[in-house]
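To begin, one chain is listed below as structure tokens, in the form predicted alone.
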Amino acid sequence: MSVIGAPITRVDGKLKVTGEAKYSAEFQVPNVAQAVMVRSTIPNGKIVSMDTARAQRVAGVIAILTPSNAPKLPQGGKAGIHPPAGRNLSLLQDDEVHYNGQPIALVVAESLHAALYAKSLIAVRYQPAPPKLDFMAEMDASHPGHHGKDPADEGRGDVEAGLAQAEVKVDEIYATPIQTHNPMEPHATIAKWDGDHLTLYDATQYVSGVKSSMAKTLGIPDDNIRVICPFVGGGFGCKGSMWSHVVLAAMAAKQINRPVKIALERPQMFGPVGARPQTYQHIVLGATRDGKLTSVRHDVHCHTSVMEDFLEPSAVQTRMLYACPNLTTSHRLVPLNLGVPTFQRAPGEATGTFALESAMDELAYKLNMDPLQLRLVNYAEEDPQSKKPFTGKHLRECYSRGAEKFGWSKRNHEPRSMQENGQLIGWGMATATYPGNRMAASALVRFLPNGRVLVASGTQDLGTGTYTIMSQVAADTLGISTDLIDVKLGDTTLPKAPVSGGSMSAASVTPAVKVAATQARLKILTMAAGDSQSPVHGATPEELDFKDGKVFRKASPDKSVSFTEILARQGNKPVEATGDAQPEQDAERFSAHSFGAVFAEVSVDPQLGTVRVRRVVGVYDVGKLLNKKTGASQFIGGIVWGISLALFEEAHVDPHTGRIANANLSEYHVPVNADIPDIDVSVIDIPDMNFNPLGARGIGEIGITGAGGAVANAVYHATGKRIREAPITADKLLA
């Protein structure tokens, strides 16, 4: 039986639970100095003066880098901007302040305590300027925003004509707030120079991206930089880009001629390392009485920084999710004096499905139609925007299986019609979707004389299980146990792989592992056939097979030779092969997306307005699931975040100072165990061979999509009150 898909326990699990897994801040680098960032306390203006005299006198202080003494970088330090690897950074190259919390100095000391104390003694005088902090007030000054290759505006047909044909319409505004990444591991970097060569231990989702961005920013060759990151304690997008602290660590290390460590404090996760932008989404739906969509309009405004454009593309899924002949979508950016936003789990689709799926639910009620039936009426057999066939789509099966598991047929359609023990009960559902992304990747497979096999790639494991699925694919290809495989990743000295974002690591790296394992296996077969002492001497590779570490003739499997014997007679030299995997040349013929159906049940206290999610059922079409155990964890984690989007998360910006007022985990609310119910996830598990050779699409982000909308729709069903602005809190329900 194939080991691919089996619920194998994480191969790195023991290292993590015993504390042996080394995260970036935990590497023991001799003579390392500690650095802390000094951050601005105004949202806009200039630094007039910075008095560091008292701080300099603190015992243990080594250096204080400020705009007046920091090393000058090529092009003002802006050469590294190339998302997702790089952003517009604050590198002490000028006295400009663009947001409250911007790094404006760096204190380097022998100890963290000394650095923190010295930081508190630095006196900064500013020349403030009027800030842009009011999202709604600045909306008139918005401009078009682009997301990668996706245009800001896209549409088809005649929207106005479609609306004129419509017998029923929905015309509403939906909004989501700033949401801040809070991975268990905050950002951390250790920078160490050896002459002109720089080694970085960096908490990143993209070791190769940090390497290239750092090289461009410092103006040194790529080959002079090595980035190491064997484990990431969560990233969710914020660690996909290189931020200011990474370069500041390298600058300081060069200046004081010794290694420097910067580990961000939790409040510093709010501002300098990105966040999901707030959105204002205007959706208009038109439909006939039988529920057929005649027209769709989805216009998005989201905030960005005055420093750099970043778009939350919340209308992208609207272009392809439902069949409709007339559609228009637009994206506009509103620059504010806040830190540069960035990718957050399912950027665009998470916030976009909250709005779109809420609007579809509203349309279903206006039509007096089952919300599930409305989605089936508008089911898209092909991508409505590109007119391309999907690489694979089994959304109908997701709807059917999810509805059966949830008991959807027992739902009373009327709001406030279901109660239990004085609580209002609501059932809601939504569609989940996320693109199938894949990029070129390389991997290495090496047979070792000690009987083990090394599998390596310069990818990253964010806790998603990359170590495990790499070992599974190699084991399956080689016909050996995963117990005999060692996996190495997170190092730029290894074969190159793409960013661990966009749900593409599994889809990109595992095909490369399969190619490398196939080539390495062929080398072993060829060596065995050419070995005069081997029982398979003289056979062609086609006549041979390899299983359990042994080579044998297919016609006589009882006579075999182990690969360790073969290597021993070849001087105990390892045998390896590198495999490259690229998206298929004919990929442009298809539209690649994953899909899912999410059903949620909530209870609402009619007196207090408190909402509790009681259960969630999610069924997904993601191609072949590579590991049922780690895969289920990814879906569950995504749904938890969708619940958080709907009910909890919101970063509050002080309207006068621009400071994030709840920059800590006591006031920035995320769900805890008591907030999360039973979550039932499953997959259709039909391989998508049009997408990649393993038939597997990525799953890291689809879990959050649709989940927020399903919860919001359940709250409406329970209460009869439609809350269109996330998070759905008691004050909004009681207003």
Partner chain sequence: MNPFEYQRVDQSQKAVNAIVRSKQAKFLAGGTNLIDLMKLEVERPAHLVDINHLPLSNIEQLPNGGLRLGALARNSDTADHPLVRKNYPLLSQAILAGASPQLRNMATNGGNLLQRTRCYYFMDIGFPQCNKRAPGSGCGAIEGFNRIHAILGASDQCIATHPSDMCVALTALEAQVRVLGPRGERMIAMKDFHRLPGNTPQMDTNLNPDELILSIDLPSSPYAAHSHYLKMRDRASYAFALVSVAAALDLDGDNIRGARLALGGVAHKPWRSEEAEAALVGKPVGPEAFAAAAEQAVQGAKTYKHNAFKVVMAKRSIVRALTVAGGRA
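Note that the structure is predicted; figures quoted are calculated from it, not measured. Positions refer to the first chain, counted from 1.
Below: the form predicted together with its partner chain, not depicted.
Taking the partner from elsewhere, no residue among 332, 396 and 402 has a non-hydrogen atom within 4.5 angstroms of its partner chain in the predicted bound form. Contact with its partner chain, judged by heavy atoms within 4.5 Å in the predicted bound form, is confined among 507-515, 604-612, 378-386, 203-211 to 604-612. In the predicted bound form, residue 669 approaches its partner chain with a heavy atom inside 4.5 Å. Taking the partner from the other structure, its partner chain in the predicted bound form has a heavy atom within 4.5 Å of a heavy atom of residue 659. Contact between residue 416 and its partner chain in the predicted bound form is not found at the 4.5 Å heavy atom cutoff. Among heavy atoms of residue 26, none comes within 4.5 Å of its partner chain in the predicted bound form.
Residue in contact with its partner chain in the predicted bound form (any heavy atom within 4.5 Å), chosen from 196, 171, 654, 222: 654. Along 49-70, a non-hydrogen atom within 4.5 Å of its partner chain in the predicted bound form is carried by no residue at all.
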